[in-house]
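Only one chain is shown below, in structure tokens, and it's the form predicted alone.
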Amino acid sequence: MKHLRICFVGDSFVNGTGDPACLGWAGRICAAAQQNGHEVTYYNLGIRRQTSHEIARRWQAEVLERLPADCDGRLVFSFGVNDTVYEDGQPRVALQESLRHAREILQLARTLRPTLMVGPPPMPDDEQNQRIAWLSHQFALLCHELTIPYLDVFAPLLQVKDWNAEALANDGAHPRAGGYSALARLVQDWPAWQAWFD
């Protein structure tokens, strides 16, 4: 049985902010893998409020510390929502800059370890969701170009009542256990994730 070390790199949604169980979606899918008999060492490298620019600066050093050459290491990235937040009348990161950062990250990541990307989830804000939807689509095109599996969670989560309801009842952005469980199910059912354990 192979022992996987998996780094999840991203923002507060990777971190699982708002989840009373402190698992988020990444913790849940790794716990499920363990329960199914797989050996997983799980590293959560999600940081609140971080944009693609900040993640691009830090991810490689953090990953290399956790995935030595002699281990079976894997990478999962998820970011983008914070880029689309408006501050002082403009997004924190311009959309084209978000794509540039994503390209830089993913081009290098795929040369280091098997890599997956999970798209940005929706927010309870229609205007911001237009920007997130555009970014998610562009991320999908980029990942297709780089032959990196990409999971669009934006559209499916718009249909999940718990996602928006819990976010609105919590801090206006992050869901609680129900929302993260719904996102975890999307990733668990994803063939690209399942293939790591075949």
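In case it trips you up, residue 1 is the first one in the sequence shown, and so on. Because the structure is a prediction, the values reported are computed rather than measured.
There is another form of this protein, the form predicted in complex with another copy of the chain, and it is not shown here; the text below is about that form.
- Although the partner is absent here, residue 35 sits close enough that one of its heavy atoms falls within 4.5 Å of another copy of the chain in the predicted bound form.
- Among heavy atoms of residue 66, some come within 4.5 Å of another copy of the chain in the predicted bound form.
- Among heavy atoms of residue 41, some come within 4.5 Å of another copy of the chain in the predicted bound form.
- Another copy of the chain is not drawn, but in the predicted bound form it has no heavy atom within 4.5 Å of residue 144.
- Using a 4.5 Å heavy atom cutoff, none of 149, 185 and 198 lies near another copy of the chain in the predicted bound form.
- Residues of 29 to 63 that come within 4.5 Å of another copy of the chain in the predicted bound form, judged by any heavy atom, are 30, 31, 34, 35, 39, 41, 42, 43, 44, 45, 46, 47, 48, 50, 57, 58, 62 in sequence order.
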